[in-house]
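The form predicted on its own is given below as one chain in structure tokens.
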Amino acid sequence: MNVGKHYTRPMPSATETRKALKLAEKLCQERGVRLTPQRRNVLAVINASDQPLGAYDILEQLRAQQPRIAPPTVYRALDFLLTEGLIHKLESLHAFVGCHHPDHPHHSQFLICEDCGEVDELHSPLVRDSLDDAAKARGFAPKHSTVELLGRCARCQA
């Protein structure tokens, strides 16, 4: 059950996926955390996809090579990858996408088309600063921020 029909980035090439995995390995080593084979496999599946994937989509793809892999293994790997900023979770879709810039922390905003499933990632400092200012004004210390706008993309509106 893939959660989206389209994703704005084209199908990643094998070279792009390898580069993303090498960067993830480098970042994990620098941070003193371990990118285990299971975590690496989950990240590889996500980064090789042209669309957001749910946990069970990932599990299904991994079972082709690892028939005995269990859901908790995938969920633990996803938690690790999220914590390390290597992937993003689209809360409204219960799905995951690879992070385009895992080497620096950032707040992302996503435009999600409810008709075709296209997902577009934005990085607007203006949106981030506005949310940070509003939280600070109320004495709130945000731990994590993901903004998702649901609607219709330009193509579906035409």
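Please read all numbers here as calculations on a predicted model, not as lab measurements. Throughout, we count residues from 1 along the sequence that is shown.
Although not depicted, the form predicted in complex with another copy of the chain is the subject of the following passage.
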{"item": "29, 48 and 64 each touching another copy of the chain in the model of the complex (heavy atom, 4.5 Å)", "value": "no"}
{"item": "Heavy atom of residue 112 within 4.5 Å of another copy of the chain in the model of the complex", "value": "yes"}
{"item": "Residue contact check: residue 36 to another copy of the chain in the model of the complex, 4.5 Å heavy atom", "value": "no"}
{"item": "Contact test in the model of the complex: residue 148 vs another copy of the chain, heavy atoms, 4.5 Å", "value": "yes"}
{"item": "Residue 14: touches another copy of the chain in the model of the complex, heavy atom cutoff 4.5 angstroms", "value": "no"}
{"item": "Among 113-121, 65-73, 37-45, 52-60, the region lying within 4.5 Å of another copy of the chain in the model of the complex by heavy atom distance", "value": "113-121"}
{"item": "In the model of the complex: members of 135-155 within 4.5 Å of another copy of the chain, any heavy atom", "value": "135, 138, 139, 140, 141, 142, 143, 144, 145, 146, 147, 148, 149, 150, 151, 152, 153, 154"}
